[in-house]
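Okay, so we've got the same protein chain twice, two forms, each given alone as structure tokens, structure 1 and structure 2.
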Structure 1
């Protein structure tokens, strides 16, 4: 198989799901971030831009990860306050076959990006650093790539101001897969966030350094495809008929004539394409594809080991956090008299058939699925496997308390869908409980990232409790 030179690049916002996390969740999220760094190093990435979500663990944490990374972290606009010098490399030059490729990193300004008072760090607007950097690299490189986590609109403005940039790989947290969009002479694209997709682009770069639809190449491909079809038909007729009969078979003779005409057209187009390439006028072309990383795809054993190790370390850290919490006196939120959620056992006192039905659903065993996978102390997983939230009502703003919930809340119980039941249990009034969960309640956990097959209209019917004979 013909091998082509490759570059593996990422627009950033890689290590954390949010730009700010609670202290308890951050401790575990750092372990996951380390696993991501190890995975990307193993996969042979060349460069990644520093994004706001890569700084969630703090500047010193990211610097430590950069030290152990086997790829390069880039940011041209994240600088030291005192010296105004970049903290990370602003750019990188790589050879890809016969091409010299310049790669620049930009850290976006949106979101909650901040630095503690002790951090000697400042984020500059791209207009202060990018034009001079692009001018320098444009003189030395055949192809310029920008890794950016600015917004799509801002990246279009970058393409307008600096047309020397040929490709922008963006990592806007709000965006999904984006097919290549030509802005000025810059292609802008991105894959879906949080590792659900990989994207690959096959580039046929030309001396013109201009993107375009190379009609000659496309027409040449169609003509060759048509020629293959005619040759196949000719061979089938030749196998079926004698040589003498072929001389008088009009359909066969017409096919021979069509083949001669096609061969002449193909030679003409190949010569035309050769002239365009040699003169430097041929436009650059590309193929782009997104690869959905589904569970049924074969796994890379070494990456699987890294993932499993990170998950195990996260669970051990959570277990330690749970142990520390258990040695202290129970917080007010978990005292029986102050718990905002009563648990499914209270619901079962009046709603026997509904409880029996619920026990047969995956919601009732949600916590046990974490136990079986040894992830019951993973604070990133727990919120969707326990009874601790209904809409804006939380059992506590302290994530660590999820590690110490009583057993009757260690599952997706009735109150996750219908609301806190304490008032309803006392009044037995319909108005004190929600009859049917709206889609937003389900979408809190059944997000595209976690459950890409979720369909509210269908799935709500599958988990709907039988009607209550008591009318409660």
Structure 2
């Protein structure tokens, strides 16, 4: 692609997955968040809006990140309670080629005040801050961009009452990739969460400051394509026929005439477009793309390094969390005897063939997978790679427990699919155990994010334990 002036922007909500995390998970998630900040700095981001999920680690944590960031965190509506002054920069003006671009950040209201340090802060509704800010920037800027993690509905309302904003890049936590939607004279768009996609937009801005379909340009492109086709056909005939024959060849002469016509139409359209642009009436146009960040794309070695280092620091932190919880003896409800899950060794006593089969599946070595990745203390990974949850029965929300599971629960074990089995192991009664796990059981771990192609009907055949043959 040819070089064009670029701005790298993000609507926020990128540091944490949730607005509330357990203490152990939060400690690890902060390390990941630092890695994200370093990656975005390396990638040369310009500005990012402060999202509710960027404040999970607390106000002072995000301020410390802002200090380290080589990009600017923006929020026009997160203010100090005492002074009513914004805590982060409200807006930023950047040059992009010959354009002056104003960038505003807004923090959405979804629970964003429940963060450590939030007592000092106040989140104002956009209606209180946006009009003045826009009035000031609209005078100085050619193009006005809003980075917002408000809901899509709220962003449409912003677009409706603030036509001076030309582009809203939103990052509502629920949404997926969203093609640009024109609301009034504002384009609203979003790239899905979790860094699976990168959105890029090529903007051909015009003095009119109005988005529109540029019919002349499209017609021109179409005519030029047609011209290419005719030129090709003319060349083929010229290669085939002698010079004298060409003179008498009706189809050839017709092609030459069509080419003449097309050329004069193209010149006419080129002129028309030139006049539109010069007079400032041409509409602005854009192209939008989502690039899927597939595993097979080439690595950026510097970013790889940042990611690996963050992952390794998370594991080290988890390891010392596990160490300190082992020495400080766990409270009674966390004693192994009182654990709701009994573990695969018990089931193996009576279910030889099923156990032998399960041992061949990836489920039995899921924790080992984390060990070989050196991520076995990462609280973000553990719940799906061990025996810690069946439907509503879970120990996966307990950091201490999760980090100190006994070895016979360090697999995706029998009870993850068949339910807790202590009672059944004693009674040997089939009514005390569940036979076939339903789709929701699998989907808890085989999420779209982790296993895009999961298909219950097919995949269950690959892991369904065999019958015992003759007798039990």
Ligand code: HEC
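Here the rigid core means the biggest group of C-alpha atoms that line up within 1.5 Å when the two forms are laid on top of each other. Numbering follows the first chain given and starts at 1. The structure presented is a predicted model; accordingly, all values stated were derived computationally and were not measured.
The form predicted alone is structure 1, not structure 2. Superposed on the core, the two forms barely differ at residue 41: its CA moves less than 2 Å between structures 1 and 2. After superposition on the rigid core, displacement of the C-alpha of residue 60 between structures 1 and 2 stays below 2 Å. The Cα position of residue 430 changes by 2.5 Å between structures 1 and 2 once both are aligned on the rigid core.
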